[in-house]
Structures are given as C-alpha cells and as structure tokens.
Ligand SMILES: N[C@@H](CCC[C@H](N)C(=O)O)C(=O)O
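Just the one chain here, laid out as structure tokens, in the form predicted on its own.
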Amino acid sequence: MAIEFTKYQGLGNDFILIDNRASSQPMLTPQEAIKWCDRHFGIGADGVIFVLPGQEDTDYSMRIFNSDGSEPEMCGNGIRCLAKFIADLEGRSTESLRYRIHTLGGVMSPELRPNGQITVDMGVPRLLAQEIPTTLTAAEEKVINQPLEVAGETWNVTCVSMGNPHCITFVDDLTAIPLAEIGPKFEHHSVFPQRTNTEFIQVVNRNYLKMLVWERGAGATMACGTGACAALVAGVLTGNCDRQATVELPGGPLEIQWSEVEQRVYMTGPATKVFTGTWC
C-alpha cells in the first residue's frame, strides 16, 4: 500500500509525519516504523509521528514511534513539527494558530506564530520519584542532586517528567562527555524502570545553558524539546539558572520558560518541512 508522508525537522531532530486522521490507530506497526527510520535503507528519521483524530475535547491526537520501535509518551520537538504539519494540511500555515493535542503524556497546546516560531504549553512538570518514575529515592520525594553511579563514576542527578522521564546532570565541560558510551548506561539503569532520557548540561550563565542529550529509544539526537524543558526545571531546582533561559542544543537554541505563577513550562522554537514523498 502506498503511504504519503512529509518529513519535518525541529533543530535537526527529524521526523516522518503521516496523516492518520481517518483512523484512531497508527497505520504503521512499530516494526515498520523501524524500517522507515533507517537512514541507509529507509527514509531516515528519529521517529514516525501520526496525526490522529482528537479525543477528550482535543483537536487532534499524536502518537509517535521512535527509531527503535518503542513508543514514548511525548516529544517536544515532535509536537512542534506536528503542529506545523497540521497547519499545512489545513492550508493555514501563515496564520497564528493554536491547537489542543492529545498525547500519551497529557494534553499539549502548541501555538504557531506568524514569525515561524512555535510556542508549546508543555504543562506542569512532575517532580516526585513515582511520577518520573525512578527508584532513586522514596516515591513521594523529589529527586534533586541525588548521587547515581554510572560507569564507575558518581553523578549528581535531578529527575523531571515532562510527560516522559528525564535524568539531568550538570557538568563542567560537555566536550568531555562520551555520549555514545555513557548515554545507554543512563537510559537502561536499573533505577529507571521505564528507561530514561538523559541530559548533560553545561551552565554558561543563569540565562544560557548548553545541552547534550541521549534520548530513550532514539540515542544521540540533535535536539530534544522535552529535555530542554526538563533541563531548565532542573536548573531552577538546583539553583543553576533562572526561570527563563536559552537552551542551546547541537541543532540550535530553544527558549524555555517555567512560569512561577502558573508553574507551567513554555517551549519556543522552529519546525521546518524538509520534503514530501510516498512509500510504496
């Protein structure tokens, strides 16, 4: 069966978008998504995203399969790409638009701006150990600057859920981090029963952070929107940064704000169409 798709990228974090509005179930299996994401024998992407009919008073629903076939609860860069894809499908890509999107991590509200940037209300971060989830500390406690031994070294980590799990550690020099070697060891550590995304953060100043990310199910990526949000939250909790800051990822910067009044996190960044095609 021929399936039309469009590829988008958000700061180099790239996704295959499929119009799945005619069905409430993804038209690809996880195994098929693995083939599509293969960068040598397929289209090449960090994941496949499906736009499905809305539910629970939302405009649309989002499902995503990572390049390894696993299904995350949410994806920050992915939801910006999804919002741009929906606007393009509707023929409204130059307007200021807001959508309510149902995801496995909760309802998200991306807003497309005329300048091409997309701001997403990412909701209230979840901070208790049982919400991450992690066994690093008691279920009803927050995980802030807790020691974790990985690869024979002790790291101070802070854990945040943005609808998906994140483990954040602050380092002096990102260039000294052997990401491909140590990332999988964090992801599959026994204290994270559902695995975890891992962010390594270097503080430039209180309003500027640099980040490397190892994504659960995708590995090293150019950017991670939920990870940037979690990093800022962790930075505030540990006293490393203010509530509004630029987070620089390998693919470019995101603007992140954690509202002191609403306690909601807002992410602003781009999403760009790369090409369209048909899988036969």
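Throughout, we count residues from 1 along the sequence that is shown. Given the structure is predicted, the values throughout are model-derived calculations rather than measurements.
One more form of this protein should be noted, the form predicted together with the named molecule, which is absent from this view; the next part is about it.
The stretch that touches the named molecule in the model of the complex, counting heavy atoms within 4.5 Å, is 65 to 73, out of 51 to 59, 232 to 240, 24 to 32, 65 to 73.
Using a 4.5 angstroms limit between non-hydrogen atoms, N164 touches the named molecule in the model of the complex. N197 belongs to the set of residues with a heavy atom inside 4.5 Å of the named molecule in the model of the complex.
In the model of the complex, V247 stays away from the named molecule, with no heavy atom inside 4.5 Å. Heavy atoms closer than or equal to 4.5 Å to the named molecule in the model of the complex belong, across 12 to 26, to the residues N13, F15, ordered by sequence position.
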